[in-house]
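Presented as structure tokens, the chain that follows is alone, the form predicted on its own.
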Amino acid sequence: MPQLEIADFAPQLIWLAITFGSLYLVMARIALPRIGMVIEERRDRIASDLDQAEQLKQKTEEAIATYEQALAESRAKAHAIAQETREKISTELEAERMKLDRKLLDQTEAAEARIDAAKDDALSQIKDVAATTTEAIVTSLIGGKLTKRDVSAAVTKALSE
């Protein structure tokens, strides 16, 4: 193996130093600054993206808070509208119920007045029917003739007792 021969050590060390030096200069002057620049750009981009993400997160949280506030206001308005509608319907129903109650009361009073009139009419006719019936019974039982005045007086006396 030629690299292990002692006579070839000096030229190999020189070429090693030249190659290492040139590689070091190429790396130090060209490659490492580009790599450093790429790393710095990447770090800046990551920081920028993180800042942008934080801003978007804040905007999202603000939007969520605004949405929840609007939702709460909408719910409150809907509840108020529903309550107002319930009260309005309740008031209308109460007015309608009162109107029907008045109508039923009027009809009941009218029916009672008709019943009282029919009762009075029936009672007034009872005297005439009783007098006629009494006259017919007395005539058929006794065979005598009675005057209408006597029969009416007797019926009135009997009804008042």
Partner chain sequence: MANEVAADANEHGSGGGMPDPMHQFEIKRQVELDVFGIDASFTNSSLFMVIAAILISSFLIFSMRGRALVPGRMQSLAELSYEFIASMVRDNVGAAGQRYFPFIFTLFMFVLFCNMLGMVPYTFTVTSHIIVTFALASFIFLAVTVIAFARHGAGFLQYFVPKGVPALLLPLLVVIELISYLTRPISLSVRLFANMMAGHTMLKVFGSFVVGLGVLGGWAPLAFMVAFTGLEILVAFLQAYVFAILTCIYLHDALHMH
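Keep in mind that what you see is a predicted model, and the values were worked out from it rather than measured. Numbering follows the first chain given and starts at 1.
This protein has a second form, the form predicted together with its partner chain, left out of what is shown; the following refers to that one.
With the partner omitted from this view, the residue of Arg114, Lys103, Lys59, Arg42 that lies near its partner chain in the model of the complex is Arg42 [heavy atom within 4.5 Å].
Relative to its partner chain in the model of the complex, residues Leu13, Leu16 and Ile35 are all within 4.5 Å by at least one heavy atom. Stretch 22 to 30 is the contacting one of 131 to 139, 93 to 101, 22 to 30, 59 to 67, since its residues have non-hydrogen atoms within 4.5 Å of its partner chain in the model of the complex. In the model of the complex, its partner chain sits within 4.5 Å of a heavy atom of Ala7. With a 4.5 Å cutoff on heavy atoms, Ser160 does not count as touching its partner chain in the model of the complex; it lies far away.
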